[in-house]
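Read the single chain below, which is given as structure tokens and is the form predicted alone.
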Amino acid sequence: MGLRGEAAIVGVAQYENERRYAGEKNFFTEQFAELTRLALNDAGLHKDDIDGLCCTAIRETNMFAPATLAEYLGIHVNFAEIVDLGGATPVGMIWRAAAAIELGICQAVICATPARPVPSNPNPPAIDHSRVFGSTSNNWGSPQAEFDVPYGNVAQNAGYAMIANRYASLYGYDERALAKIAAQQRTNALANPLAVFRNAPITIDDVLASKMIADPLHVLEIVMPCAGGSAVLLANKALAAKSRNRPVYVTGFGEHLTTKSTTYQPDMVQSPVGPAADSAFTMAGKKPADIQMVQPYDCYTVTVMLTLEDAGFCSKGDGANFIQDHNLTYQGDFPCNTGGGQLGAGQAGLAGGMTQVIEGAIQVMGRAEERQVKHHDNALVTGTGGIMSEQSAIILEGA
């Protein structure tokens, strides 16, 4: 049961991540189209090859987003999916596209996540004050509106700080190990020309000296929102053989959702990536020791540590020791988020989660230039949505 490894990533596209975007503003439909064109050009394939698409919600419509995009692209598709998993969305897109290709529903699927500012609306809607709650819903009837919001348990910073504090009470908390994740991923970002922080090295001491946002999380342990966007093109074996790139096959996947709020998690330090990664490893016939690089979702440093533990690279409670014992840079013995991850490259909305997918793909393709890892035949990529509420995992392997 599961994937046979017959669908491959053949092309990718990324905008530069920018904290203050000053370029021309285009609608999401236009960005989706441009990213699609760039991914096609990267693969050496044609628009008419695409007969499937995965997308997120788009600003231009409250419904029928896939049909709107297909119409704008001028393509007819046999598979259309809108994925709503927060930061786990991009990884979720990839395995859904791979499964549709293996089922013979379609031959090539474009997965894109536009995230640049759109043109100003001359008749703007009323300000949505609920945005301050982040992933927390204050809608009428929401359990979070009744049991979380009144007590200040809102948005992501508070939730991840709760997770970090619970971990500390059970296993202790090595703040220098957590800071090392941010510092070494920043080292990786220095070799990524598209990264927000490509010219700004930091040290462990810099991280610990940065502003405390939600104890014990410092500002340099938290992602930087930015503008950007990305796309990934997947294809069947026949089209992959025509691509100008080394095909990167999706050989395993897993996905696991638990609760939306930390309030209802039976164990805050056991993340859903455990079952997701187990499924991906089993499907691909791999184990953690076989993996040559990891690209874990990194909205916070603690997310990375929990992912490494729960995916099986070390035991629960031993994450800090594992991090201290390994070099996480692209030149190290345990390459982790080799493009800087989101902590180093920036989080361009939902395109942030595609950062890990594309970095894993171009590393396996052998196209990472200065930051290319020595051994690059496979990678584990993960996505995380909400407050560790939904996680997805895929195994990528070169042909």
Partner chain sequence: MEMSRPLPVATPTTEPFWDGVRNHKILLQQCNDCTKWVFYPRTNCPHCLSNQLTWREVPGDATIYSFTIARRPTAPHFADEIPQLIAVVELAQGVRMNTNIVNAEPADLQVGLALKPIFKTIKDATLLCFEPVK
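Only a predicted model underlies this, so the values are computations on that prediction, with no experimental measurement involved. Residue numbers count along the first chain shown, from 1.
There is another form of the same protein, the form predicted in complex with the partner chain; it is not shown, and what comes next is about it.
In the predicted bound form, no residue of the candidate spot (Leu85, Pro125 and Asp128) has a heavy atom lying within 4.5 Å of the partner chain. Heavy atoms within 4.5 Å of the partner chain in the predicted bound form are found in one stretch of 69-77, 143-151, 106-114, 233-241, which is 143-151. Though the partner is left out of this view, Ile202 does not reach within 4.5 Å of the partner chain in the predicted bound form, counting heavy atoms only.
The partner chain is not shown here, and in the predicted bound form it never comes within 4.5 Å of any heavy atom of Ala209.
In the predicted bound form, at least one heavy atom of Met268 sits within 4.5 Å of a heavy atom of the partner chain. For Arg166, a non-hydrogen atom is located within 4.5 Å of the partner chain in the predicted bound form, even though that partner is not displayed. This chain is drawn without the partner chain; in the predicted bound form, the residue among Ala158, Cys314, Leu190, Ala227 with a heavy atom within 4.5 Å of it is Ala158. Of the candidates Thr282, Thr263, Asn321, Gln292, Thr263 is the one whose heavy atoms come within 4.5 Å of the partner chain in the predicted bound form; the others do not. Of the residues in 201-227, those that come within 4.5 Å of the partner chain in the predicted bound form through at least one heavy atom are, in sequence order, Lys211, Met212, Ile213, Ala214, Asp215.
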